[in-house]
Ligand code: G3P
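Take a look at this single chain, the form predicted alone, given in structure tokens.
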């Protein structure tokens, strides 16, 4: 398979503009689009009736108000997912109609207290609703590039094992909103190589192997994937070069402004929730030749990328979309 090589660095809005709005909400995705992100990234899990929704995990006790709903108290349970025991409330135990009675909450309230202002006010979106948001925005952008979509299949083996396979559902949603054709601004990512191999037999859309602990056999990965999405710890200059030599683009995760996530020399002040010099951290990785990066703060990411490329920061009219209640 020929490698997929990008002509410029892409800014991927990690769960939307999740540093400024609760992650995986339409409000977060819209802000990311308004800030000039090239791609918006939803993590996808399934409901009991087979609908793709955007949550970081299928356990939703930490990202919704489900614990405040007495009618769902008996849904709390423990199960083993990908070898790890998890306890809480799981999306596969709820219909979409039930999910829509819940409201999203900030996942990192101690680090992002300002996002708590949206707790109880915003919904959990479906993948289709996110794609509709992208399409609505595309129609207003007067010839600007289409908003890219960068979905991640979460725990695909687990969902397949309970009769809720994700692969065809993801591809059908993309096709339904005109994101399924060759050349569409789409990457599909997963930690599960078997999931990606299955998708390779179903689509020619670019696929991304996520890696956290080691790069592994890059030539083998290039047989079924077009890019790797790697933790910052793996993104040495040598690692980036090796991936490129294997024909793989390199996207790095995740860039966050809070001191909690920054190296010591880029922290400002002593508060973990305080913001340090994220732009400088991004610039370090851009100098290593990466092809894209995930960030919770797309406005900073766009500014850093464009400064490195000598390009002006794009401006788009802000959305008039109202906060859902």
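Because the structure is predicted, anything quoted here is derived from the model rather than measured. Residue numbers count along the first chain shown, from 1.
FYI, the form predicted in complex with the ligand isn't displayed, but the following is about it.
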statement: Of 189-197, 82-90, 95-103, 122-130, the segment with heavy atoms within 4.5 Å of the ligand in the predicted bound form is residues 189-197
statement: in the predicted bound form, the residue from 235, 134, 249, 210 with a non-hydrogen atom within 4.5 Å of the ligand is 210
query: Tell me, which of 59, 27, 291, 43 has a heavy atom within 4.5 angstroms of the ligand in the predicted bound form?
result: 43
- request: State yes or no: in the predicted bound form, is some non-hydrogen atom of residue 154 no more than 4.5 angstroms from a non-hydrogen atom of the ligand?
  value: yes
query: At the 4.5 Å heavy atom threshold, is residue 253 in contact with the ligand in the predicted bound form?
result: yes
message: Residue-level question: is residue 14 within 4.5 Å of the ligand in the predicted bound form, judged on heavy atoms?
response: yes
